[in-house]
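The form predicted alone is given below as one chain in structure tokens.
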């Protein structure tokens, strides 16, 4: 029996969950929960508030040198912009369902909030919404079919699964890159956008931070292997200095990425780290209801990277 089932049985209202989720509109549910929290906080004493702070694993400050980390963030964002990835500061909250509706994320791993929002758990999903809004509203009008929208950000993310690593918290900084375009045939968007993302990552890790152990792994995420082969050939033609591994038969399924995933691998102090991850997703296709939409994302573990280079 789940915790929710035990609660419903204890209050003798087994139908309450169905009533709240199915019979109330989102606005009505929001109003009801706001009143519940208003009453709860009205009974809360300052000493109890401190106790809650001490026990809540989501609210503690990060165990990092704030100014030094901010300096690295500024350096990276400036570098991102030299590659035409416009830096943008996102809201700390996103629409409820931003991750779970279009991707394979479980909503229970996300800190859901009131007023139809959730605490930001993945900036790339929020950027997909921003890009889709720009396109849907007509604020962005491409001059040619190959034009792309490129955005970058470094955002503190919050996720609910417990963190077991000493010094790490439930919230952490991730640097994100996204490229949005249209399918023009022959995997043109895929080849060119992937080369751009890997060029940015290389500029950060190898050129700026002097990590000469950098390597990339391309992982096939479809039965058709043409994208992986064409992407690899294109990358090595443009950047023969890159170290690229391939995996055509991954040992586990991944429905998050479509066609191709890639990982960013480094070695520090003799230990291997997966410092970044990316690939093609269909989120803008779903949001805009257009199969021609293409979207590439990259996530770089900025806070972990800061700990490794400090």
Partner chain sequence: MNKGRVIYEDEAEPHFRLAHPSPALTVFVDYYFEVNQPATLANPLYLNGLPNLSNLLCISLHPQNWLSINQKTGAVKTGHGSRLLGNLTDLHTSIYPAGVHEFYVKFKPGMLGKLFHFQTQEIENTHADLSILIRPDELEEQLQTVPVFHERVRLVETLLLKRIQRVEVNYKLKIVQAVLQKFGPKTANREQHLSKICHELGVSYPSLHRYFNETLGYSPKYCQKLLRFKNALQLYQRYGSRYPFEEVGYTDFSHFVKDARQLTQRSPSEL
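Positions refer to the first chain, counted from 1. Quick caveat: nothing in here was measured; it's all calculated off a predicted structure.
Not pictured, yet referred to below: the form predicted together with its partner chain.
Heavy atoms of residue 162 never reach within 4.5 Å of its partner chain in the model of the complex, leaving it off the interface.
For residue 199, a non-hydrogen atom is located within 4.5 Å of its partner chain in the model of the complex, even though that partner is not displayed. Under a 4.5 angstroms non-hydrogen atom cutoff, its partner chain in the model of the complex has residue 79 among its neighbouring residues.
Remark: residue 156 does not count among the residues lining its partner chain in the model of the complex, judged by a heavy atom distance of 4.5 Å or less. Proximity of 150, 206 and 210 to its partner chain in the model of the complex is complete: all three residues have a non-hydrogen atom within 4.5 angstroms.
Contact with its partner chain in the model of the complex, judged as any non-hydrogen atom within 4.5 angstroms, is confined among 231 to 239, 93 to 101, 117 to 125, 215 to 223 to 231 to 239. Proximity to its partner chain in the model of the complex, taken as a non-hydrogen atom within 4.5 angstroms, holds for one residue of 87, 195, 111, 227, which is 195.
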